[in-house]
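One chain comes next, on its own, written out as C-alpha cells in the form predicted on its own.
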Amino acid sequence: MSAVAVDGVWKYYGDFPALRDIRLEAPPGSCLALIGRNGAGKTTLLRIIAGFSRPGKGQVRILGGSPRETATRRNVGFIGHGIAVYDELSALENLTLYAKLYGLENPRQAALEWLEHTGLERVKDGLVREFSRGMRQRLAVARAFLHNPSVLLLDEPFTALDDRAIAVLQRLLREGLGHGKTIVMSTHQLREALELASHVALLNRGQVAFHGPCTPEMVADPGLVYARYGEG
C-alpha cells in the first residue's frame, strides 16, 4: 500500500481545469518532490492531498484513509505558507495547545522536547509576537513534527526561511526519513529538495509531465528534469 496515493484527481475553478487527471504515489518511507513552474498546480494538489480542498474528480488516500478523516489527520504533519501559530501565546503554550489537540499523553513534555529539537528551549516562555520570523518558522516546524506524524506534507518549506531554520528543517526531514516517515513537498528550491527526494514529479500546466525516481544525475543537475520534460 502506498503511503500517499493520488488517483485520477481533477480540480476545476469554474470551467478551468487547474489539475488534470493527476496520478501519483509515494511509497512508505519515500520523499516525493513536487516541482513545476508558478501556476503548474503544485499548491492546489498539495492542499487536496492534505484534505484542505476537495477534488472535482478522483480521490486521494493517505495510509489507506481519506485525508479528511480525523484518524488520518492525526498521522499527518503540514507546513504551508502560513506559519499557523498564535502570536499572543508563548512558544511553550502554542506547542502544548497543539499537543492537547492531538491527544498526546504528556502535552507539556512533548512541547518541551520539540522546543529543544528546534533550538527554542531558551525562549520557551517568550510571546510569539516578539519572535523574529526565523524563530516563528522554527516553531511552525516544531508544530508539524510534534505529534510524530507518519506523513509530512510541505508546501514550499524552504521559501523565506533563514539559514538556521533551513538547517533545522533539513536535519529533521532526514531524521524523519531515517525513521520511515513519508514526505511530499512542493518546492521551487530544487537543490534542497532533490538532495532529500527519492522520487520526483514535475507538474506542467496541471498535468504530470514526469513521475519517477530521483537519480544522481538529477541531484548533480537540478534543472535536468525541466530540460527534459518541461514545457518547450
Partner chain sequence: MGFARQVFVIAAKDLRAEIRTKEAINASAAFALVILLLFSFAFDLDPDTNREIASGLLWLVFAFAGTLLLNRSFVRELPNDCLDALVAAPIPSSALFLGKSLANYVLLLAIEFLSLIVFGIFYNVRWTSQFAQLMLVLALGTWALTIMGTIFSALTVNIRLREVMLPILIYPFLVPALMSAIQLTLDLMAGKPIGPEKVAWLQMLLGFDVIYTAVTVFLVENVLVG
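Residue numbers count along the first chain shown, from 1. Note that the coordinates shown come from a computational prediction; the quantities given were computed from them, not determined experimentally.
Omitted here: the form predicted in complex with the partner chain. The next part is about that form.
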{"item": "Site test, Gly14, Arg37 and Gly39 vs the partner chain in the model of the complex, non-hydrogen atom cutoff 4.5 Å", "value": "no"}
{"item": "Partner proximity in the model of the complex: Arg143 to the partner chain, non-hydrogen atom cutoff 4.5 Å", "value": "yes"}
{"item": "4.5 Å heavy atom contact, Ser198 and the partner chain in the model of the complex", "value": "no"}
{"item": "The partner chain contact in the model of the complex: Glu93, any heavy atom under 4.5 Å", "value": "yes"}
{"item": "Contact label in the model of the complex: Arg122 to the partner chain, heavy atom within 4.5 Å", "value": "no"}
{"item": "Which of 23-31, 46-54, 190-198, 174-182 sits within 4.5 Å of the partner chain in the model of the complex, heavy atom basis", "value": "46-54"}
{"item": "Sequence-ordered residues of 193-213 touching the partner chain in the model of the complex, heavy atom within 4.5 Å", "value": "none"}
